[in-house]
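Encoded as structure tokens, the following chain is the form predicted alone, with no partner shown.
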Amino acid sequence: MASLILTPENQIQRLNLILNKVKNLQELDQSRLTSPPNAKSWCIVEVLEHLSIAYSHYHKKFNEVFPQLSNLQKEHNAFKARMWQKLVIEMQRPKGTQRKWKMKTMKRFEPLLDPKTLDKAKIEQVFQRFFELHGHFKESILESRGKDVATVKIPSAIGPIVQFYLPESFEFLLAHMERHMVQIDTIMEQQKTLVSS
């Protein structure tokens, strides 16, 4: 099995792509943002809220961990993910335009939003929360470059059975976000099909 080498530069680039994509989503009509393509699907705003809920767990953990990390003489550039952590990360990562592993969202990560009651102000709040939390994510990746990230582990949001070093947790979060960006693309494609049929 090939190694998974993680670098802050690669992670920042991918996070920037996602943040830019979400900024572009803000330009969509309210109906596109709040209309799920079918009864079992989330709408775009619900997907973004889910990502914010998921990141909230790590937001707290990152704030707890950083004061415990010692400074490095020079910034680290690469970190090799461990085998079990790599497997968990790869289960999240989409394969091209496909989300290969079907996963049921745990109850505590479900967005508690009713698309029918989402007005402009509520939608704006969802976007604002997303950008605030993921701005913190970006700062965390940047700050980690000068830290000894192989000294403290944090439990993943899926439970203490999976413990991550910081670069692994960043990669897990990015793979999870990329997975849901594919979901948003699918929602938008299905919306087009519904309009044209």
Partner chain sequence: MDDDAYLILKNFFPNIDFTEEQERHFKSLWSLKTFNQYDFITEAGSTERFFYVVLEGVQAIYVLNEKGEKVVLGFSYTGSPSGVFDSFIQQEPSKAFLEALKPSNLLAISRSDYMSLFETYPDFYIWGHDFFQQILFGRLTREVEILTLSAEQRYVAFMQRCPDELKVIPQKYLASYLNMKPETFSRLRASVSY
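Bear in mind the structure is a predicted one, so any value in this text is a computation, not a measurement. Positions refer to the first chain, counted from 1.
Keep in mind that the form predicted in complex with the partner chain is not shown, yet the notes after this line are about it.
Within this chain, Leu142 lines the site of the partner chain in the predicted bound form, having a heavy atom no more than 4.5 Å away. In the predicted bound form, the partner chain sits beyond 4.5 Å of every heavy atom of Gln190. Although the partner is absent here, Ile12 is a contact residue: one of its heavy atoms lies within 4.5 angstroms of the partner chain in the predicted bound form. Residue contact check for Asn16: one or more of its heavy atoms lie within 4.5 Å of the partner chain in the predicted bound form.
Segments offered: 168 to 176, 142 to 150, 47 to 55, 31 to 39. Contacting the partner chain in the predicted bound form at heavy atom distances within 4.5 Å is 142 to 150. Taken together, Gln26, Gln128 and His136 are entirely out of contact with the partner chain in the predicted bound form: none brings a heavy atom within 4.5 Å.
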